[in-house]
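Take a look at this single chain, the form predicted on its own, given in structure tokens.
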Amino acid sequence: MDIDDLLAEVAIDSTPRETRDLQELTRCWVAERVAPEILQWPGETMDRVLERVRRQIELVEDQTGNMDPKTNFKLIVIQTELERFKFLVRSFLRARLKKIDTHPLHILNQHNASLASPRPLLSPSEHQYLTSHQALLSSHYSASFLSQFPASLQRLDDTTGGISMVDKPDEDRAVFVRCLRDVGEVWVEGTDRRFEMKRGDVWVVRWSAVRGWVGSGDCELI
């Protein structure tokens, strides 16, 4: 650990929890909007943020109607900060729901595979939405045209013949990534391209090449 790492730890420890949560929520929001595929649900951060939003809403409701000018000014500041949190949360969730609507079967398979880990891919509400949405789509497709096909051709997740019916996101899409730690040599699959990623570097690279580093926290999307 070098002096920069020690200074970074001191800075983090001295930063209030609410400020760190806002910074983490902003990073999650940026990453979710940039990444081609859905990222892991930040459960702990979202729990703290949503609880803080709930408390702030209750405070605003309790203090509304107070004629004290100091209280009114404080409420304006609280409401402004509250709206910033609510915007980030709404935009973050919309970005995730858009991906769920676009690649439901692929994300469902990924979520089921992540259930054995401490942090599943989707939140319980997202998983409920995905299963309900997919059930409605399957019922609609079956009533519209699938029921007229042979039984062997009615599956929406068929992979026979070497062709998968499950749509996947473009894992080779280019993304901007910043290195938070020295990563070392990175190899882009399918090419002879190799490069060194060091702390502070910013690269434009295929998502598939840096997905693991982003997941481990060594890199962040920008």
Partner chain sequence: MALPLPPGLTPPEIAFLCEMELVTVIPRQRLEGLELLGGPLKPLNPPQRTSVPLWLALLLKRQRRANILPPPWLSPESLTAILDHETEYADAFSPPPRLPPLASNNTLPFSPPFLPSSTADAAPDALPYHWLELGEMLLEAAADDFEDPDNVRKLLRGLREVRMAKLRHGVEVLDAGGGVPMNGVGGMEVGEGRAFVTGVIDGLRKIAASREQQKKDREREERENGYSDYDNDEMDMQ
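Residue numbers count along the first chain shown, from 1. None of the values given here were measured: they were computed from a predicted structure.
Quick note: we don't show the form predicted in complex with its partner chain, though the next part is all about it.
Within 4.5 Å of some heavy atom of its partner chain in the predicted bound form lies at least one heavy atom of V77. Although the partner is absent here, G190 sits close enough that one of its heavy atoms falls within 4.5 Å of its partner chain in the predicted bound form.
Its partner chain is not shown here, but in the predicted bound form it comes within 4.5 Å of a heavy atom of L97.
The closest heavy atom approach of D170 to its partner chain in the predicted bound form falls within 4.5 Å.
Using a 4.5 Å cut-off on any heavy atom, the residues of 18-48 that reach its partner chain in the predicted bound form are, in sequence order, E18, T19, R20, L22, Q23, E24, T26, R27, W29, V30, R33, V34.
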